[in-house]
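In the form predicted on its own, a lone chain appears below as C-alpha cells.
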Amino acid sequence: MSINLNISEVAIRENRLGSVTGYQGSIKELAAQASSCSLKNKERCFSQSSACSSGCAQGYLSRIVDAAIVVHAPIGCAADSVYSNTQNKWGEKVRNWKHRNINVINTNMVEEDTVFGAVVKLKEAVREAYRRFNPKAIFVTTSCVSGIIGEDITSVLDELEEEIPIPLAPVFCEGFKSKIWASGFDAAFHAILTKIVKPPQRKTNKVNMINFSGSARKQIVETLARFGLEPVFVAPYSTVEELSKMSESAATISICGTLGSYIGNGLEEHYGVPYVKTLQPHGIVGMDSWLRGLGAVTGKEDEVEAYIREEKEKIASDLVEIREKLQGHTAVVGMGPSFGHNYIRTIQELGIKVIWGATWHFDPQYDNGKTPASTELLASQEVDIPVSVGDQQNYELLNLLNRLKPDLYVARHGGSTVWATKLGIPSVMVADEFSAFGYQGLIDFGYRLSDALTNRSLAKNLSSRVKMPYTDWWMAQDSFIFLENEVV
C-alpha cells in the first residue's frame, strides 16, 4: 500500500483501509473477514453523537511546543481547545514544565461566510498567529463548514508562504467525511510528512516514539539507553525541528497501532526508517514483542533478550500474587481498536476472563496492508471472544453491560465508564496510554484492577440513587437491534 505525499489530503480510513464502525460477531470471524477482504460495514438506523476527526487533529497538533494552530471553523469548533489545553497541562506537569496555553486561533466563521467564503478571515488569522505566537510552523485545520463550502485553503497558504517564512500546513480533517475520529490523526501526520519532515542528512541512534502524552518518558529513555538508543517523543511536546529530523532516525515505534500506522509506514516507505509493526507494549507478551521488534531492526537482539530476562525475574513473585487475586473475575473491554485488542490480551494475562470486547472502530488492515498483529493473536487463541464495533454508541454499550453484568468494565475514553459505574459495575478508565506498559506496568495495572474489584462502594451507591436515561423496554432489547446490513 503506497502513501502518496504528492497530494495535499490523505484519504479517510473507511476508503483507505476499509475500516468499519458497525459489526457484531466474534474475534475469529472478524479476523477471518479482515484477512480475506470480505469485511463489510453495518450501518445503524439510530445513533448517538460521537467524537470527530477535526478535534483529534487539533488536539494532537496543538501540543507541538513551538507550532500554532489556526482552526478555520465556526467558534463552536474551538470548544475542543479547552480539552486540548487540559491535556497539554497534564503533559507539562508530567515533565515538570511551566504551564503555557496552547497556541490556537479560530477564524469564527459565521452564516454569511458560508455564502461569500472566508478566505480573507483565514489570511488574517494566519498572519495574527504568526505575529502573536512567533511559531516555527502553522497548521490550518479545516471543519465541516469550510469543507462543505469548498474553501481553497491550499491556495491561500501558498500565497502566504511568500510573506510568512515558515511551513504553512493545511490539515484536511472535516468531521463529516469520516465516522472514525482517528482519521484526524492521519490528517495531522500527513501534514507533518508533507510540510515538516525533511530528507535525511545523516542517520542517528534516535528512535521515533509515537505517543499521545508520553507519561512514561523517563522509563522509555532509560530502557532505550540500555540498547544505545535515544527516543524522540512524537508529536506532542516535540519541537518542529525534532519533527523535521524524523527521517534520520534508526527506527519508529508506537504506543498505539491505530495512531502510528500512517506516520510509521510513511517514514519507512519514503525515508527507509524501519517501523516496528508488533503488538503494543502492554503486558508481558506485548512488551516482549515490541522490544524484540525494535531489537531486530536496530541489531540489538542480544541486549534486548538480556533486558527481557532481567525484567521478568523482577516481577515473577508479584505476578503470581496478582493473578491469584484476579483469577476467575470477568471483564468487558471498551476502547479504540488497537488498544482494545491489546488490552483484551493484557487483561487475560492477569487471569481475568474477558467476556466481550467492544472497539470504537476496526481497521481490517494497517497502511502496510497487513491485519493488526493484536487481532491475529486473539483470533489464534482457543477461546473465541464475542466482539462488537461501534463509534462509542453508549446506548448499545449500556444495554450490553446490563445484560452481561461483568465484574469489571475497563475502558479508554471516559464517557462510557461513567455510565457503567452508574449501572453498578466497577469501572477502570485507562486515560494514560502507558497504563500496563511493560513488565512492572502490568503489575501496577493488576493492583489497580484489584482495587476496583474490592472497593465497589461508589458503583453500588451510584446505581442505587441514579435513574438511568434508558427505559426498561430498551434494556430488554437486543443490544444491536439497530445495527443493519443496509439502511433503506
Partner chain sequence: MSQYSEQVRHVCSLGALQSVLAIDRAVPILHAGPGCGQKLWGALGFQNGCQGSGYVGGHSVPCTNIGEKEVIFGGDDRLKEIVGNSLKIIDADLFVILTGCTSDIVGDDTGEVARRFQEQGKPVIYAETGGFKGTNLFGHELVVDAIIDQYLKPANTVEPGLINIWSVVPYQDPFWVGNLKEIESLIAQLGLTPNVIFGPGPEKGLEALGKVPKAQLNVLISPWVGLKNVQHLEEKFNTPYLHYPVLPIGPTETAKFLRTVGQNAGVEEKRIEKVIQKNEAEYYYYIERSADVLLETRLLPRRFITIADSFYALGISKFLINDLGLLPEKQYITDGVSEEYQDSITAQFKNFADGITADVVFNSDGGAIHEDIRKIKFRSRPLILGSAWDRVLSDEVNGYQLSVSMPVSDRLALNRSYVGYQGALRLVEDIYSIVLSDFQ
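What you see is a predicted model; the values in this text were computed from it and never measured. Residue numbers count along the first chain shown, from 1.
The following text describes the form predicted together with the partner chain, which does not appear among the structures shown.
Of the heavy atoms in E242, none are within 4.5 Å of the partner chain in the model of the complex. In the model of the complex, the partner chain lies within 4.5 Å of some heavy atom of M468.
The partner chain in the model of the complex is approached by G55, whose closest heavy atom lies within 4.5 angstroms of it. None of the heavy atoms of D318 is located within 4.5 Å of the partner chain in the model of the complex. Of the stretches 201-209, 380-388, 71-79, 338-346, only 71-79 has residues with a heavy atom within 4.5 Å of the partner chain in the model of the complex. For the marked spot (Q219, Y237 and T371), a heavy atom within 4.5 Å of the partner chain in the model of the complex is absent from each of the three residues. With the partner omitted from this view, the residue of R323, K93, K314, R131 that lies near the partner chain in the model of the complex is R131 [heavy atom within 4.5 Å]. Of the residues P406, G214, G175, G357, just one reaches the partner chain in the model of the complex with a heavy atom at 4.5 Å or closer; this is G175. Along 381-405, residues D391, Q392, Q393, N394, Y395 each place a heavy atom within 4.5 Å of the partner chain in the model of the complex.
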